[in-house]
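Take a look at this one chain, the form predicted on its own, written out in structure tokens.
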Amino acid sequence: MDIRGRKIVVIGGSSGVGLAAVGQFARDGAEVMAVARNRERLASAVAPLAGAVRIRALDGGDRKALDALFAEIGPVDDVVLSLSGGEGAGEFRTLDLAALRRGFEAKFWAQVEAAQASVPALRAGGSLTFITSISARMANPGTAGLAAINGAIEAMIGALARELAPLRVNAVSPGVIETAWWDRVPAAWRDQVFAEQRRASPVGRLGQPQDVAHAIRFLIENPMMTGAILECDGGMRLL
């Protein structure tokens, strides 16, 4: 169980969980490619890794660009899908359904398109890891839209694991993680969620991107893990 020498592609690798995964994999000897939309932001994000990471700028919603990428760089061992958007949260009575549709486009459809594009390039026994959210199973008021987006991804994991075997298909389901994603939601709601999480969580703190990166690495390294949704939520699902 070692990632040294593995060829890993992280789509959505310029910030947050994706960037933490890129850094961890690169420092531990994997051959990593980080993919994100903004080349300048991506190059700046991986600069501390001193050239240990290849980068590619493309829009995760551009299927032609994704197909071309994997045709060029394949075969690869592992693909991590950390694509996400900032829309879909809010009370259902007043939820902007157009924003919810955009949330599906930015996360559900973007991850599904990238996954399908990557399959021909993935080696047998390699892995495909989706990043979802514990909102899919938390039943928290104000998160019905987020639950729908993430739950739709999670509903696919078991079927894909069987259909694409021996490729291993898993997901990591984070809880409240301190990343730039939270800059996209109303500050008052963010601060309330953070305070409630610190007070109520069994682990007594917010999650960090490195926590989730460690969970992703476990799923990549362990050859017995497939069809799993691994919670990395500090016990939020228990509340």
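Note that this is a predicted model, so its numbers are computed, not measured. Throughout, we count residues from 1 along the sequence that is shown.
What comes next is about the form predicted together with a small molecule, which is not displayed.
S.K.: With the cut-off set at 4.5 Å between non-hydrogen atoms, does G23 touch the small molecule in the predicted bound form?
M.R.: The answer is no: G23 has no heavy atom within 4.5 Å of the small molecule.
S.K.: Using heavy atoms and a 4.5 Å limit, would one call G204 a contact residue for the small molecule in the predicted bound form?
M.R.: No, G204 sits far enough from the small molecule in the predicted bound form that none of its heavy atoms falls within 4.5 Å.
S.K.: How about I220: is it within 4.5 Å of the small molecule in the predicted bound form, going by heavy atoms?
M.R.: Flag for I220 set to no.
S.K.: Verify the contact flag for A43: yes if a non-hydrogen atom of it lies within 4.5 Å of a non-hydrogen atom of the small molecule in the predicted bound form, no if not.
M.R.: Output for A43 is no: heavy atoms all beyond 4.5 Å of the small molecule.
S.K.: The small molecule isn't shown here, but in the predicted bound form, which of 92-100, 106-114, 120-128, 160-168 has heavy atoms within 4.5 Å of it?
M.R.: Selected range: 106-114.
S.K.: Name the residue from R37, R63, H214, R54 that puts a heavy atom within 4.5 Å of the small molecule in the predicted bound form.
M.R.: Contact with the small molecule in the predicted bound form is made by R37 alone.
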